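Taking the form predicted alone, here's one chain by itself in structure tokens.
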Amino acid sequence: MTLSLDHRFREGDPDAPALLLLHGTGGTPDDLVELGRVLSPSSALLAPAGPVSELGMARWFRRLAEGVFDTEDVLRRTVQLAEFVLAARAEYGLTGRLVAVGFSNGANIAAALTLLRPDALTEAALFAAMLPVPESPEHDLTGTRVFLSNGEHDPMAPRDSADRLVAELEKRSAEVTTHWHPGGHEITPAGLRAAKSWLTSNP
């Protein structure tokens, strides 16, 4: 396998979970480094760049309009990211836990990866996520853990879509922890604290 995505890698303690950092629309591989350090200071950090350009802004997959995703491209890009993750594990010797940390579009591709490719990802912390695909295979996700922090008044990731994501994960036997805050499309300090508690609750 080859590493098909531009990325940054920072070494860390092999006993700590490695973090797969997935930026939001218009972001870069450096965007979530500080967040990653807050969540797990000693972790290795793997931060790829979204391969799709929308008016010059990096994304993980195409969309047809705000909140309307190109489902075929979501599926294609999920495969691409899964293959990157598996190759990176081998390249960098990431043999332990790997936890995706994604915001917005990055959270959506992480959710797709969790639903569609449990061979590549079984843990994810999602901030401002929504259901990325209308239908997905009913993989047995027993052992998969997902944390979701969303705003009650997020116009970009509506509550009903986030609820449907949670339902799809739980229907497949994933363990889901939710944190709802009264704000909008953002990562809150309380959300970070809840995510850190979730991350460290599984040794």
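For every residue, the number given is its place in the sequence shown, counted from 1. As the structure is a computational prediction, the values presented were derived from the model and not from experiment.
One more form of this protein exists, namely the form predicted together with D-malate (MLT); it is left out here, but the text below deals with it.
Colleague: Taking 78, 117 and 133 as a possible spot, do all three reach D-malate (MLT) in the model of the complex with a heavy atom inside 4.5 Å?
Modeller: So, no: the whole triplet misses D-malate (MLT).
Colleague: Just one of 62 to 70, 44 to 52, 141 to 149, 31 to 39 has residues with a heavy atom within 4.5 Å of D-malate (MLT) in the model of the complex, so point it out.
Modeller: Selected stretch: 62 to 70.
Colleague: Would you check, heavy atoms only and a 4.5 Å threshold, whether residue 185 touches D-malate (MLT) in the model of the complex?
Modeller: Contact with D-malate (MLT), yes.
Colleague: Residue-level contact is defined here as any heavy atom of the residue lying within 4.5 Å of D-malate (MLT) in the model of the complex; does residue 156 satisfy this criterion?
Modeller: Close contact exists here: in the model of the complex, residue 156 approaches D-malate (MLT) to within 4.5 Å, heavy atoms only.
Colleague: Going through 82 to 108 from first to last, which residues have a non-hydrogen atom within 4.5 Å of D-malate (MLT) in the model of the complex?
Modeller: The stretch touches the partner through 104, 105, 108.
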